[in-house]
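Here we start with a single chain on its own, the form predicted alone, put down as structure tokens.
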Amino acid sequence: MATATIIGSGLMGSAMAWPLADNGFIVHLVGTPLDGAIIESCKKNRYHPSLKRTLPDKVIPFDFSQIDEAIKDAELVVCGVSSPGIDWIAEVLSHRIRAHQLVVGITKGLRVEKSGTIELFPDVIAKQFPESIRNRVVPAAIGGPCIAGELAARRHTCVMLGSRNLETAKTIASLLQTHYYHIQPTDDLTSLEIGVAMKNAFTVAVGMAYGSLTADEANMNVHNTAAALFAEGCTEIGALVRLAGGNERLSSALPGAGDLFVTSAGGRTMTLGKLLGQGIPYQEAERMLAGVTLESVQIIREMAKALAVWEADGRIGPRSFPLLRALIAVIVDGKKQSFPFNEFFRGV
């Protein structure tokens, strides 16, 4: 049987074990140095404490100290770490990956270089590979609306899998596709990765709308407000993709609207937004969420750098990206929530 290795035993990384096991892979689930309790439970009784499920029979848990054994014969390597671990996983793979292996990441995020160029996480990983295999192993990435627990429950899930090499994307997609996990391969890695990263930022805005809800004698909600913020988020994702040379139409597909919708259904990003919407300053909200990975914050901070560079060199105007600028004002500048609704939907 073929072997697949997942590095990172958190929610999403571990959930990938289900389609892989269903496709006949022996799955090596490797915990990071921070995943000790999860791997201990998986080894003891095969129960994943975060997913609250028993692992499929073909899944074998490994401590990180066993990574060399777990990865050496793998056909496919899944990078299942969160965005703060991207440099760590790049270093881990740099001296272990082999030319015959396929690499796919589920980490959602991006970086902005001093020049204002957006750097995608698969490229961060690839840059660490030895020159001898850099052109032979092209990392791919999965993005789209996918809640880990639902994937592990085998609920119908549609995602995109992107690589700068389309044949690589198609090959990896064929290994992961099941009757419930539906995958669209693409070589438009730029559009995919920007969309799934930026939805974290704009989910904060949707959460802020619901956090601002006050008592109403007619028991009315703030769905109108949240929907406007959602739609402007999709619009600005499209504009960012266009600036980066991608296909802005994907902003209304799985990587944009789809992923933004599912992330707005709940979770840590919505929790942050709701706290901010209640008028709690970001620094206090961060303290209240101590220990929680806030990928949305990293992305907003990176985009603050990007907008400054782009505006300085004339690529954008001072009133462009009004929703993103409002988020930057709250997260980076520590200002109170204020959304410029009259500036929305005017093009960016």
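Just so it is clear, the model here is predicted, and its values are computed rather than measured. Numbers for residues come from their place in the sequence shown, where the first is 1.
Below: the form predicted together with another copy of the chain, not depicted.
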query	finding
Another copy of the chain in the predicted complex: contacting segment from 104-112, 127-135, 150-158, 74-82, heavy atom within 4.5 Å	150-158
Contact check for Leu34, Thr117 and Ile300 against another copy of the chain in the predicted complex, heavy atom at 4.5 Å	no
Ala257, Leu175, Leu275, Ile86 - the one with a heavy atom within 4.5 Å of another copy of the chain in the predicted complex	Ala257
Partner proximity in the predicted complex: Asp187 to another copy of the chain, non-hydrogen atom cutoff 4.5 Å	no
Non-hydrogen atom contact Glu248 with another copy of the chain in the predicted complex at 4.5 angstroms	yes
Partner contact for Thr171 in the predicted complex: another copy of the chain, 4.5 angstroms, heavy atom	no
Touches another copy of the chain in the predicted complex: Arg242 (any heavy atom, 4.5 Å)	yes
Contact set, 197-229 vs another copy of the chain in the predicted complex - heavy atom within 4.5 angstroms	Val206, Tyr210, Leu213, Thr214, Asp216, Glu217, Ala218, Met220, Asn221, Val222, His223, Asn224, Thr225, Ala226, Ala227, Ala228
